[in-house]
Each structure stands twice: as structure tokens, then as C-alpha cells.
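The chain below stands alone, shown as C-alpha cells; this is the form predicted alone.
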């Protein structure tokens, strides 16, 4: 066990029937870094995210977070431990306000039960917690430059803004590790530049970021370290410069052998 690593995958494997989607992957993500996971379509990148966040249980191997094993724990327990994520496909409550979408992210941190919520108007503890939830939600929206749209419906935001709203909701869970699954997908170049600055700001706040993204320029300019998957196996890992020059990576992306 490496105590310098916030997240550690040890020989992680998952099979679906006769298909091995992830095959013996080892990985360590150090605290405070931005780690990217890249690879061709179907390489197993989102499957790794699903294993880390408890959506899938691995067939073999272990996942350690903060030195503790979290393999196979349910998603809500993993979220409470400090891991938050976004998804490839936007998953917002379109007919709720931007602010309410972020507030929902703090459900795992709420201490009030159902009865307390029902009688909340008369309960000082509930009123105090609701105020704190709103303040933290607004902080997350400020960070993602969406505070001025707090009372608009989520479905009225532009595509890029909806992507940023998902990140704000994830931040509201108070994570120490943030998983971003293709956060720049569908964005124009200007939106990608803005998002890159925001992700760096999140890193400066002390968070560790684990990123899956197909835009190689975005990945290379943002990441501290990169791991590469192909057919479920890790074929390379290193700095952006090292990965770009790796012949196995070039072969995987070009689909041919490299001399």
C-alpha cells in the first residue's frame, strides 16, 4: 500500500460473460495531481470509472482510496468517502433550477432525516443546515462561473454550461478525488480553454483529478501524468511527453504497427 497515492488500483479485472473489459490494471494516482486515462473507443476507460465509483464490482483485484479498500462498496458510500464524478452523457434534472441541481449533490453530507426536513420551518438545526447547503452550492457555481444563472432551469443552459453544472454538482459533495468523464466533449475551442482554467483552479484548491478525455490537445496541456488503455490493458504510463512518443500508444491510435 502506497500512502502517497490517493487512489490505487491493484490488478483490477472485470469480465462480462466471455468479454474481459478491464484486464489486470494497476494504477496509482498521487494526491493533488491531474491524471488522465486515454485510449481508443472501447478500451475500458469508463469501465474503470464505474469500478472506482462502485457502479461495477471487479471480478478480481482491489481499489484503495486514502489507504482503505473500497472495492465493491455501493456508490453512495464511496461518494461519502470523498469520490465524486461526472458522466459521459449529461445527467441533470432539466426542470429544476441550476441551484437546486447543485444542492442535490450535498444530500450525502446532510445530517437531517425525513422528519426533520418535514418540520424544517420550525427546526433551527434544519434551517442552519439549509443555509450552509445553499452557501456551499453558490460557491461551487461561482467556481464554475454559473452563479448568475442560479435560478434558471438547467435545461435552458447551453451545452457547455450544462457540462460545467455537472462539475459544480460533483464539487458540492465535498470530494477529495474528482472523476471527470469526457468533460470537454461537444465543447468549442473557447469553452475548452475556459474549462481547462477551471480544472486547474480546482486542482489549486487541493483536489485530485482523474480525467477521461478524447481531445488529445486538452489532455496533453492539462495532465501531470497519463495512463493509456487498449483492449482493457494498460499499455503505457508516464508524462504527456513520454506517452506521445511511446510506440505502443501510437500503434493503438493509428491501428498499425510502428517500426
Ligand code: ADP
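Residue numbers count along the first chain shown, from 1. Everything numeric in this text was worked out from a predicted model, so none of it was measured.
Omitted from view is the form predicted together with adenosine-5'-diphosphate (ADP), to which the following refers.
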query	finding
Residue contact check: residue 58 to adenosine-5'-diphosphate (ADP) in the predicted bound form, 4.5 Å heavy atom	no
Heavy atom of residue 235 within 4.5 Å of adenosine-5'-diphosphate (ADP) in the predicted bound form	no
Close approach of residue 88 to adenosine-5'-diphosphate (ADP) in the predicted bound form, 4.5 Å, heavy atom	yes
Close approach of residue 208 to adenosine-5'-diphosphate (ADP) in the predicted bound form, 4.5 Å, heavy atom	no
Proximity to adenosine-5'-diphosphate (ADP) in the predicted bound form (heavy atom, within 4.5 Å), stretch among 39-47, 215-223, 62-70, 192-200	39-47
